[in-house]
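Just the one chain here, the form predicted on its own, laid out as structure tokens.
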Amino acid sequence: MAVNEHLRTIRWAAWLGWQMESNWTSPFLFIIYSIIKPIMATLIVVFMYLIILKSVNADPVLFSYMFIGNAFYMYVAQVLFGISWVVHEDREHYQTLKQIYIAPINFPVYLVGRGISKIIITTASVIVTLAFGILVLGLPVNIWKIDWPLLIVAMVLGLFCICTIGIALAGISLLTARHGTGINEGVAGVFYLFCGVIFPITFLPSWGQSIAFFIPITYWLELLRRSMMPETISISGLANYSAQEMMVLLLVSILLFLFFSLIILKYADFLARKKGKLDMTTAY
């Protein structure tokens, strides 16, 4: 019975999130926006690579490493921010957080459901970005040689991991004003720097590499790259790890992050109730 209730919560929360994300303009303009935005963002990385290519003898494999990592990092930036922003959006913009609290639903499950709408939109952006890279920029990815089982399993685990981290940030958001979104952007920035998104973790100092090995996003991005273009293994800095080992590390880290995220959310929820922050507004 509880499982059915959670699935119902996820379904309706995802529907609500989709309505809020896509209902701000006409469907045609929304589709245009969804196509142009990821392409323009990707071109930033392309120009970065071209500038580097003029100054050093860059390895073409590095471009594939950068491009694939940047494409899939959209999930981290969008889903992580989307889940944590739910608190500010519902509490201050729509002022419905109290009603959600008294509804017969599980709040963490509701947050995950709202994150699903972000996952759907971001998936479209990732597909557009990868298609642009393959068809226009000549990204050497053969769709017939992609390790689809590895790609699908890694995607599911990675997205669940991002959702668990988003739950922790949502808990922190219960205790902050709307400008607390800087925390979300800061966390995403840390992941962007240390998880080998656009450059291998071997470029980091030793202490930076230690941080990279601790963050599950590092293993997630590496698994995605290996499934699409195994040649990137040579420069990733994770060649000593097999796909199975990284999958185990990713799964264990997900369980740890889920445990601590629920503790953070529960404690933040207790403080928010005690201090009367569930209906706090900060001049949204």
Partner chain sequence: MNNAVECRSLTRSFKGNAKQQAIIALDNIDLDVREGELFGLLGPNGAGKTTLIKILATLLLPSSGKVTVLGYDVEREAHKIRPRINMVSGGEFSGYGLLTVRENLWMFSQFYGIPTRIAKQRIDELLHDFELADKADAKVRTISTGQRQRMNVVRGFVTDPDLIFLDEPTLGLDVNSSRTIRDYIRRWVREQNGKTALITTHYMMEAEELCDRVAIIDRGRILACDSPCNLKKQVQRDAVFTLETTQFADLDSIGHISGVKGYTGETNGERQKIRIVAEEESVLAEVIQVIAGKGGKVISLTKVESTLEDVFLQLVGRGLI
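Note that the structure is predicted; figures quoted are calculated from it, not measured. Residue numbers count along the first chain shown, from 1.
Just so it is clear, the following notes concern the form predicted in complex with the partner chain, a form of the same protein that is not shown.
Using a 4.5 angstroms limit between non-hydrogen atoms, Gly182 is distant from the partner chain in the model of the complex. The partner chain is not shown here, and in the model of the complex it never comes within 4.5 Å of any heavy atom of Lys118.
Contact check for Leu16: a non-hydrogen atom falls within 4.5 Å of the partner chain in the model of the complex.
Looking at Gln95, you'd find a heavy atom of it within 4.5 angstroms of the partner chain in the model of the complex. Taken together, Lys37, Tyr75 and Glu222 are entirely out of contact with the partner chain in the model of the complex: none brings a heavy atom within 4.5 Å. Between 188-196, 103-111, 135-143, 163-171, the stretch whose residues reach within 4.5 angstroms of the partner chain in the model of the complex through a non-hydrogen atom is 103-111. In the model of the complex, the residues of 255-274 lying within 4.5 Å of the partner chain by at least one heavy atom are, in order, Phe270, Arg273, Lys274.
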